[in-house]
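A lone chain, given as structure tokens: the form predicted on its own.
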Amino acid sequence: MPQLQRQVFLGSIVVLLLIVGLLPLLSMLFKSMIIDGHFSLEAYRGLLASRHQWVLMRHSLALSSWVTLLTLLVGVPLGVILGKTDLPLRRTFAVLFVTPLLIPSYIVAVSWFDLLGSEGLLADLLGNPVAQMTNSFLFSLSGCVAVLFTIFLPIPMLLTMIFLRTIDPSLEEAGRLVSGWFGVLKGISIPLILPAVLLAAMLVFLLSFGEFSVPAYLRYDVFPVESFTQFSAFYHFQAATAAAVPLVAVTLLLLLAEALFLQEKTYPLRPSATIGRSMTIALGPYRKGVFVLITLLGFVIVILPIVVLLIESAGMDAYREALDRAGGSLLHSLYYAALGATLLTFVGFFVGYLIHHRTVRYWRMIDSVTIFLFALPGTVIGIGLISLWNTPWTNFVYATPMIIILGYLAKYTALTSRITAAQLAQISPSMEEAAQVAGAGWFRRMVLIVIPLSWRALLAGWIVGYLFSLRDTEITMLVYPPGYETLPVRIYTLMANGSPQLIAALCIIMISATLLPAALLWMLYHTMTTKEIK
């Protein structure tokens, strides 16, 4: 009976995930092939025949390739420096570089426009000719690459730092007997974390390939922009779906490659048993120079854009107008993010439990589905949700904020489930087994043993779910009912007719609404963890 309870409950979680995530995509695909009540592939024939579609493909691949290359070239060495050396303030630098990933992507683009645009701060300081050059740079492939580089740099940096902690120090100690640290990193450490580097490359490529808001703001045509425009501006459902197909295809291909070559190497993410004596690289005479270099990089790509927004928004009038015009949207964002994070933590916990314990034969498929949905562009998920729920019988979902929450659940469950799986890997199964031998049922074991032991994963999952729900733009912009817009959507829609001061003030409010709660929650997490260790 306990076994049946577990199977039924976890099976219902899987069914919920499939309904929320996969069913909208299948509905979108089916409806795209039905025109005037008849089966037709006309939209897809147009996709193959149109020269514009091939231009979009070239643009999308070029953007993703350059962003991936640059983030790896900088992110991996940065992860090594922050994860292995004796550099001062390493944790502070790590938090600093993660900041652009936590806020809506287009805000970073707005800040660089306020600096490099035709009417930006450089125009005032250096004159119009210089501003025209920087403006041309920004509104091009190079500008998109630069902005997305700052946003996705934390991915290879963090994965490098995390996977370096899984290396057995004895291997590096043996290498140090015959070589310096450069040789050890080149011959031992980096090859051992190569799966993590390749995983980071895949994630950055997929996320930049599906990025909508930055290319749309900087007027660089890529597939997500085309799909969104066809749907929202021209109400051409078939064309929008056809433009989304290359996004789905590329996502599937890369995830298939990950499943074939990387999954067994990257999935069991668990720290080394000897982590307490992990070797540290002493920078010696290079310490001061590396510190200055890292500080300069952090200032240019993180601090400077925020300072530019603060300068542009100077004056309380801009903030009063911002709160007057978007105060309701801010409350919507905070409420939806909290609700979305709670549901993501709940569903993600049990999905992670299912994956870790392999309680069903199709556990790997469930894991792949969550990663597929996370890697899929938000515009595709949004169109799918509208396709499925926009009916008279499901108006209780489509016409309410519930559809926004469903979008969060489809997109971000992979994050909370992977956090749970990583935490469960560090908990001895003997405790749950002992309770089972004593006669405790599955639900009782979960409530009294597994969940209390997994509090770190629950809190960390809630924080991550909150942050990603709060910053979401693409899904929310497509599906939100009238009167229920979030702050990222409100800012984006006000860009067309709002003053630069108003937009800058709204961006600062959005950054504050993201980082301040995140900092408080992280301090709570760190305090509770420290007390547990003591």
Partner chain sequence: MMIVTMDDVSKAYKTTTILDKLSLGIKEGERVVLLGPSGCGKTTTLRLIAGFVAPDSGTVSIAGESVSRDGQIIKPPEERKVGMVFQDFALWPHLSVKENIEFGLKAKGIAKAKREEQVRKMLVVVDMDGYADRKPAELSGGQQQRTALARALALQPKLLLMDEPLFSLDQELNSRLRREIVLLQEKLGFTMLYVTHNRDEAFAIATRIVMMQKGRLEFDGSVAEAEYRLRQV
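Numbering follows the first chain given and starts at 1. This one's a predicted model, so the numbers in the text were calculated from it and none came from an experiment.
A second form of this protein, the form predicted together with the partner chain, is not displayed here; the remarks below concern that form.
Residues of just one listed stretch (309-317, 323-331, 126-134, 439-447) have heavy atoms within 4.5 Å of the partner chain in the predicted complex: 439-447. In the predicted complex, the partner chain stays beyond 4.5 Å of every heavy atom belonging to L185. In the predicted complex, the partner chain stays beyond 4.5 Å of every heavy atom belonging to I355.
Of the heavy atoms in E433, some are within 4.5 Å of the partner chain in the predicted complex.
Proximity of G284 to the partner chain in the predicted complex: non-hydrogen atoms within 4.5 Å are absent; the residue sits far from the partner. The partner is absent here; in the predicted complex, the one residue of V290, L304, L453, L73 having a heavy atom within 4.5 Å of the partner chain is L453.
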